[in-house]
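Just the one chain here, laid out as structure tokens, in the form predicted alone.
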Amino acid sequence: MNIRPMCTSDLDVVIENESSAYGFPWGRGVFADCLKAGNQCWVAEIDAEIVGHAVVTIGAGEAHLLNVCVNRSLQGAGYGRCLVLHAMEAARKVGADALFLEVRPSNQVASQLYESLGFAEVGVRKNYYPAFLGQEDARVLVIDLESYFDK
């Protein structure tokens, strides 16, 4: 798998992957805004085919994993783990000491992935995510990047 910076020309496939994986996907405008804002945006490729993506914002010594996605048909093969590890490494390289993220409590597969990497829950954001019946809370997780990479 190759991970490279996301380009505007990638957005059609990024949106396809996002829509395949999530009931409430990000729209094209959100990704375009992330690119314009200078967020760290990557795509994961296999044989030049985009299979996933990740978006991270960095500021004040902290990073925030805003989005990580693998096409639904390829989930469970380790690509998500590779994208999260890439985000962690990239954030650390630009001076972030911690990486935060939100995850739906109902997304047990993602929660298990994050916890297996050493992320710990530090809070809950009430009614954070849209849901088919109202709203869903978000678990807020964090990992200390300095400790992780100094092991």
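The first residue of the shown sequence is 1; numbering continues from there. Owing to the predicted nature of the structure, the values given are computational and were not obtained by experimental measurement.
One more form of this protein should be noted, the form predicted in complex with a small molecule, which is absent from this view; the next part is about it.
- For residue 35, no non-hydrogen atom is located within 4.5 Å of the small molecule in the model of the complex, even though that partner is not displayed.
- Taking the partner from the other structure, the small molecule in the model of the complex has a heavy atom within 4.5 Å of a heavy atom of residue 109.
- By the criterion of a heavy atom within 4.5 Å, residue 24 is excluded from the residues contacting the small molecule in the model of the complex.
- Not displayed here, the small molecule is approached by residue 114 to within 4.5 Å at the level of heavy atoms in the model of the complex.
- Contact with the small molecule, judged by heavy atoms within 4.5 Å in the model of the complex, is confined among 38-46, 119-127, 100-108, 56-64 to 100-108.
- Relative to the small molecule in the model of the complex, residues 68, 77 and 81 are all within 4.5 Å by at least one heavy atom.
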